[in-house]
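Next up is one chain by itself, shown in structure tokens, the form predicted alone.
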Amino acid sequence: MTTIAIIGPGAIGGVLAAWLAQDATNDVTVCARTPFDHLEVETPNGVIMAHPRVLTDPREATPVDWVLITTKTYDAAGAAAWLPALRGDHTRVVVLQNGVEHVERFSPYLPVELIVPAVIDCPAERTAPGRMRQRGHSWIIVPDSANGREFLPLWSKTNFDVTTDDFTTRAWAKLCINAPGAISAILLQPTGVIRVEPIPDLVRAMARECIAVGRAEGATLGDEIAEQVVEGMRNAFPDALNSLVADRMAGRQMEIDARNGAVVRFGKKHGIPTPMNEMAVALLIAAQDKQPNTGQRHEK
């Protein structure tokens, strides 16, 4: 039996927990703020249900083989509060979050050798506590390391493609997709806004900045990625909301720093201009500062 704890049953965490629980050899625990009876996920091939153990207090947790962190990037400290109770001698911690700084984000709380960074793409939405919709094809990339390779068998009974690869390249390629999502968040419009001119040109410009910065960080990124980002948005569900715009619409804190902020920050490190991403950061920070403070932390 493989024991797995998922910290943060938001849209992504809930989908992961439900799929992992489909394998009877996995013992799944969900670490949440609010209790719920079960998980129900609407997938492209039908509804799946799961009844994982749900904990709301870190003092109730016990060591597991794997910890999967799916909280928002700005809530590293909240996720880390669970780690002392969940960690055993051989526990690996997989960070499934946006951005390119997975290891750096959790190195204050864990030995670096226990951290497994992961890039995830899962078009999912949380419709209610414990209720999610997985809209389409989903995948996870982890480094080609001993820990990364041992992570793969957990997913044999899911609809996720989970593989190892050049993590730096894949993480920056994903950021090239995520960074232009700021346009939807600024405009408060779903992905279908890409059909309005000159939005495609703005998307290309933002993605090209990310490509240049990613190359400086060692990623292998082709010029064609900018056009692929535009085409990906055109082919997506027009009413789809990326997490940045969904958070802004809900009055929640946005992952500005981990997405566009990272492009700007690494750009300055390498002397690469990033005016489009700088503008996005400024506008989103201004918009966020005008939002009412809900006093709550929100999971991915």
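What you are looking at is a predicted structure, and each value in this text was computed from that prediction instead of being measured. Residue numbers run from 1 along the displayed sequence.
One more form of this protein exists, namely the form predicted in complex with a small molecule; it is left out here, but the text below deals with it.
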{"property": "Single option in 11, 276, 21, 284 placed near the small molecule in the predicted bound form, where near means a heavy atom within 4.5 Å", "result": "11"}
{"property": "Listed residue that, although the small molecule is not shown, lies within 4.5 Å of it in the predicted bound form (heavy atoms), from 245, 264, 233, 32", "result": "32"}
{"property": "Contact of residue 170 with the small molecule in the predicted bound form (heavy atom, 4.5 Å)", "result": "no"}
{"property": "4.5 Å heavy atom contact, residue 73 and the small molecule in the predicted bound form", "result": "yes"}
{"property": "Non-hydrogen atom contact residue 7 with the small molecule in the predicted bound form at 4.5 angstroms", "result": "yes"}
{"property": "Close approach of residue 131 to the small molecule in the predicted bound form, 4.5 Å, heavy atom", "result": "no"}
{"property": "Stretch in contact, per heavy atom within 4.5 angstroms of the small molecule in the predicted bound form, of 123-131, 106-114, 205-213, 185-193", "result": "123-131"}
